[in-house]
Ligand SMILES: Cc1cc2nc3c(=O)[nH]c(=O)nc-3n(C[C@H](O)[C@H](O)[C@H](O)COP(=O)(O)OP(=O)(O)OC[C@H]3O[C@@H](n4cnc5c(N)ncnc54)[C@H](O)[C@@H]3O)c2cc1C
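Below you will find one chain, with nothing else, as structure tokens; this is the form predicted alone, and questions on how it binds or moves follow later.
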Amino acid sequence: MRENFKVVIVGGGTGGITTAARLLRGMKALAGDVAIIDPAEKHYYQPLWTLVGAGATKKESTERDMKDVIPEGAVWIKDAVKEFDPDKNQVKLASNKTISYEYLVVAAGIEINWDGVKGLKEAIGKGGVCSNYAYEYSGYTWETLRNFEGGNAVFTMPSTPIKCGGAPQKIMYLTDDYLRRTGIRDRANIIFGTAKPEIFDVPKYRTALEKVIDKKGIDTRFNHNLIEVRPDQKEAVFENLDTGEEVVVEYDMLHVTPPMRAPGFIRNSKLADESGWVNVHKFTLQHKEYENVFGLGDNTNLPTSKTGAAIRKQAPVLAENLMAAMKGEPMKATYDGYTSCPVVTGYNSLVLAEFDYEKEPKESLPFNQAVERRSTYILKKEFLPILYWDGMLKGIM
């Protein structure tokens, strides 16, 4: 195995694959000199897991073999990163091999912390406790929903940053729609326990989603952070962040969005900021201390939502600036914090939120995207996966 590369990319997810594809398209001479380090056999299109959990699509459609998405000209190192040594321009692997680089791109994603809620790891995937935040559990969400006969359907949102901040409420709206279609909504109490102080950060879309909540009759409990699951008693324990009190809620269905964090090998490295995220300039995506290091996606401290749509805008900026750095030219590309959150509000309705660092809408369609629409639902379900597999991952979007 080669041990030296011009560019080493840590992570074969959305950010890593897209960046590699763009670099190889932009600089043909890099062929064979770009390494992607990732131990995973599979690559997933995770935005569809919400619809998997609601029975609207099959989870198998979200999965492809990693070898089939690695760009031509990139070298796949099927191993895990154990440690960064940016002072020596080296990455140490779980296999104890050392890979050297001239330039490093960190795109390792985010770590699901199942241990962050007491009892969750033992409870997940059975007894009505489900989560769309893992491929192996998304199908159980649908099983739980189909077998739900009434009572409390509880949905949670943690206090930590998470990937796709709208997903915890999307499955809740779909649950409401499903229960109405099957005639048992009047036997259900839908509760949203969220550590956040409001339903959405951007005022325009917050107003729209508050109307959705009112229309659906959802019991929203803000500043409530899930701290424990008691499967034997079927109880979810929340901390009221305003008062510090514990609030116990009985559940018949519990969809948990677990707390998340940067991967350990990032948190414990010199590349991390005080909160554990890759410490990059928010406009150029270059590391604040190591000029030959860049980062994008969920593992960075960029002050925007962690979504695939954000990476779609970050990757071209990073690739352009990295190529400029390799040529000794000034970096001119800038990222404005654009991200998108297609908030599914039912089986045929969606609010398409798009915004920037300033929480200002950056809408790309010629109509008001804060209105629930069937057309944007079809866009998410049918067209965005095609654009992802055949466009974004190939570096042509």
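Keep in mind that what you see is a predicted model, and the values were worked out from it rather than measured. We number the residues from 1 along the sequence you see.
Beyond what is shown, the protein has a form predicted together with the named molecule; the following relates to that form.
Contact check at 4.5 Å (heavy atoms) against the named molecule in the predicted bound form: none of R22, P71 and D356 pass.
This chain is displayed alone, yet in the predicted bound form one of A107, L254, L318, L226 has a heavy atom within 4.5 Å of the named molecule; that residue is A107.
Taking D273, D177, E250, D79 one by one, only a single residue has any non-hydrogen atom within 4.5 Å of the named molecule in the predicted bound form, and it is D79.
By the criterion of a heavy atom within 4.5 Å, Y133 is counted among the residues contacting the named molecule in the predicted bound form.
Using a 4.5 Å cutoff between non-hydrogen atoms, K380 counts as a contact of the named molecule in the predicted bound form. Contact check for F265: a non-hydrogen atom falls within 4.5 Å of the named molecule in the predicted bound form. Of the heavy atoms in I37, some are within 4.5 Å of the named molecule in the predicted bound form. Heavy atoms within 4.5 Å of the named molecule in the predicted bound form are found in one stretch of 339 to 347, 356 to 364, 27 to 35, 324 to 332, which is 339 to 347. Along 9 to 39, residues V10, G11, G12, G13, T14, G15, G16, I37, D38, P39 each place a heavy atom within 4.5 Å of the named molecule in the predicted bound form.
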